[in-house]
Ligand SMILES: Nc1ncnc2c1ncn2[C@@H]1O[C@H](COP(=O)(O)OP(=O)(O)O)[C@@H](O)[C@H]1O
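This document opens with one chain alone, in structure tokens, the form predicted alone.
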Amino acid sequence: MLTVENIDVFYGAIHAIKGISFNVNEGEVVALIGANGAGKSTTLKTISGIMHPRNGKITFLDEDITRTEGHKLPAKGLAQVPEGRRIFQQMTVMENLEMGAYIQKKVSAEDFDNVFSHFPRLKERRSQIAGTLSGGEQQMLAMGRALMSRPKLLMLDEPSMGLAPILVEEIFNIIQEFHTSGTTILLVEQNAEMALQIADRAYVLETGKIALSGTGKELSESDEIRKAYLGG
């Protein structure tokens, strides 16, 4: 579904992503893990058209999207839940969800029902101003907003950041629900332990390069990974 080939990404003179390559197959959960500053979020921003690589190629559903502008990608089936949630604070929950469906000619009741089936709390708070929601509820809203575009590939950037452990578990359970219902997921996450539990495959980024890759189970059992990321 998604192929990233040998991309180089720069911030000015800083070489942030150094020739990385990976792929995501339909129906998979693929995780990018690594320390803060390893290049995980930069990779997602590059795939979603917020940044562009200096070299390399990105292909989504057999189409070259390397230079495609970010606002055109949701219509192709690619949606991102950004780091820090980035909800529309002054709008209601329903208005935020409607913004997620801006590419649809008509928003259907089924789209809202789909979101509310995953996030019953959002249904209870649908008229509430989004900025007054708790951190966990705001993360749910950001994920629900992305679902409204009916994505073929959902990219999640640090969905557990800043959340209490019980909410982290809830968010990961919901990600698994998305997966079970047929959504392909590319997950960027500092919480390596949780990410590897749900990932079919994972890649470990270190200073802009892929240091290791394997199945979620293989990496979770790796002594090197346990020592570096899992406190083993």
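In case it trips you up, residue 1 is the first one in the sequence shown, and so on. Because the structure is predicted, anything quoted here is derived from the model rather than measured.
Another form, the form predicted in complex with this ligand, is not on view; read the next lines as being about it.
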Subject >> Heavy atom within 4.5 Å of this ligand in the predicted complex - residue from 196, 186, 175, 38 >> reply: 38
Original post:
in the predicted complex, which of the stretches 196-204, 56-64, 40-48, 164-172 has residues with heavy atoms within 4.5 Å of this ligand?
Top reply: 40-48
Original post:
Looking in the predicted complex, any heavy atom of residue 212 within 4.5 Å of this ligand?
Top reply: no
**OP:** Flag residue 98 as yes or no: does it have a non-hydrogen atom within 4.5 angstroms of any non-hydrogen atom of this ligand in the predicted complex?
**Re:** no
Subject >> Contact flag, residue 83 vs this ligand in the predicted complex, heavy atom cut 4.5 Å >> reply: yes
Original post:
Which residues within 10-24 place at least one heavy atom within 4.5 Å of this ligand in the predicted complex?
Top reply: 11, 14, 16
